[in-house]
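First, one chain by itself in structure tokens, the form predicted alone.
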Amino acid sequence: MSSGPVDVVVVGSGPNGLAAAVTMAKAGLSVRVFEAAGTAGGGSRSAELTLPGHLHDVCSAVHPMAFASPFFRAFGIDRRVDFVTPEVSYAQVLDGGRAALAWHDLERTAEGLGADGAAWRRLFEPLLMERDAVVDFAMSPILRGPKHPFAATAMGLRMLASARAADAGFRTEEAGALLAGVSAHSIGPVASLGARAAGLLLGMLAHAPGGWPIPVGGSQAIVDALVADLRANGGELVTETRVHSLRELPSAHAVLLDVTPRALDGIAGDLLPNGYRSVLRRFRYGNAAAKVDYVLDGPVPWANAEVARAGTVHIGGSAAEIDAGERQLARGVHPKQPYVLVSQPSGFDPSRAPAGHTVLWAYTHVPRASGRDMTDAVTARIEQYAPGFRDRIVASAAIPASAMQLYNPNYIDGDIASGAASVGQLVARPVLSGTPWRTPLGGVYLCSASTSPGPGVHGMAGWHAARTALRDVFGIATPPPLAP
């Protein structure tokens, strides 16, 4: 491990860890980042997982928060990374060749939903009018109190109203399924408040100016931009170095840990008060994701051709069917008809694969720690809505949930959210506090997705933790500008 004192040590180089490191380096502090893997990125790496020359996103693929996150806006990610924004943010495929489409354009989406068009518009239009305030509310600890009460109230009322049923009270199968599909990103019953919070935020961003963008060259491009800025400001990145104890770290005034509460308990050990360790041990991890990557000899042959225009596709049937599968999952059972989330970047970023080939990214929800290879189940599910899909497969690679933690230690038993995304754990994540990143150890902060504001590639946990440490440890009340 690199020795020699520094101002700041960061453990973990996922988007949150790098956001913290960049913020500290921009403040003129010496920063050293330790990463256990051979490359930086955490949940935002890209690699050749199937065949040479075919680039796959290992975890995150589409980035609704890239243009919306206050951290990424301040960092100027749109000036550092090339993105492409599909005109259809996401699609929900249904039986009989039907599909509901969430166009980037809210009006076009409403027109396509027929009898439910006006209701869809009423659901999202007020949120879009206050989108920056809604994002700020969603990206801040609830205990701090909303800076924008109208936005918070609008979001809260829609959460409560849409959580009354899986289909949110829509009259058509298309609209109910469209909202259920995006709500299922939370990995849980779609009518729960936590799922609806995720669905409303992601659904709003689908119609916002930035849409759901895809980074050209893979999610690694976002990580590479962060690492480049860190180094440009004098920071260091040390890979292939796993941290087992705080005592192993070089002398530093502040330590920021992009790790789970379980890992914090292990790394800090008896340095932490028993009461705080008990809170860390009570933190709940959710169910999991199992992933399959494909190489095809052409585009996906969707029964509804317009689905090819979507960057993301949700497979799961009606709202009731999606909810039933997620409820089976909550009981620890592999759903009979699994929900599958598909990203098809090749149609928007041809650099991902050689001419004539398509890379396809897919995951499905499974019980935590499941070791089941889901290739056959995911293939069958896509084939159901894209006849002939199976015949186009050139190669595939599967990552079962049980292997996710080997790739990224923050994905406990395959939980890619680094902790159940329930309302309770979004309020107290991992502790009930206006500054949940601060630990009882002076100068030690937690900055992972296990802290507020929770999962997603937004860098906000790292940014919040870094700004807290700047005030606490270094007396810097005004955070540094991050723009290029």
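Don't overthink the numbering: it's just position in the shown sequence, from 1. Just so it is clear, the model here is predicted, and its values are computed rather than measured.
Although it is not shown, the form predicted in complex with a small molecule is what the next lines describe.
K.L.:
May I ask you to choose, among F71, W302, Y363, F124, the residue with a heavy atom within 4.5 Å of the small molecule in the predicted complex?
P.N.:
The residue in contact is Y363.
K.L.:
Report the residue, out of L272, A353, I267, A191, that has at least one non-hydrogen atom within 4.5 angstroms of the small molecule in the predicted complex.
P.N.:
Spelling it out, the residue with a heavy atom inside the cut-off is I267.
K.L.:
Can any non-hydrogen atom of H207 be found within 4.5 angstroms of the small molecule in the predicted complex?
P.N.:
Answer no; every heavy atom of H207 is more than 4.5 Å from the small molecule in the predicted complex.
K.L.:
Just to confirm, R32 within 4.5 Å of the small molecule in the predicted complex by heavy atoms?
P.N.:
Although the small molecule is absent here, R32 would stay clear of it in the predicted complex, with no heavy atoms inside 4.5 Å.
K.L.:
Is it the case that T85, even though its partner is missing from this view, gets within 4.5 Å of the small molecule in the predicted complex, heavy atoms only?
P.N.:
Flag for T85 set to no.
K.L.:
Is it the case that A61, even though its partner is missing from this view, gets within 4.5 Å of the small molecule in the predicted complex, heavy atoms only?
P.N.:
Yes, contact at 4.5 Å.
K.L.:
Hey, of 431-439, 445-453, 46-54, 23-31, which bit sits against the small molecule in the predicted complex at 4.5 Å between non-hydrogen atoms?
P.N.:
Selected range: 445-453.
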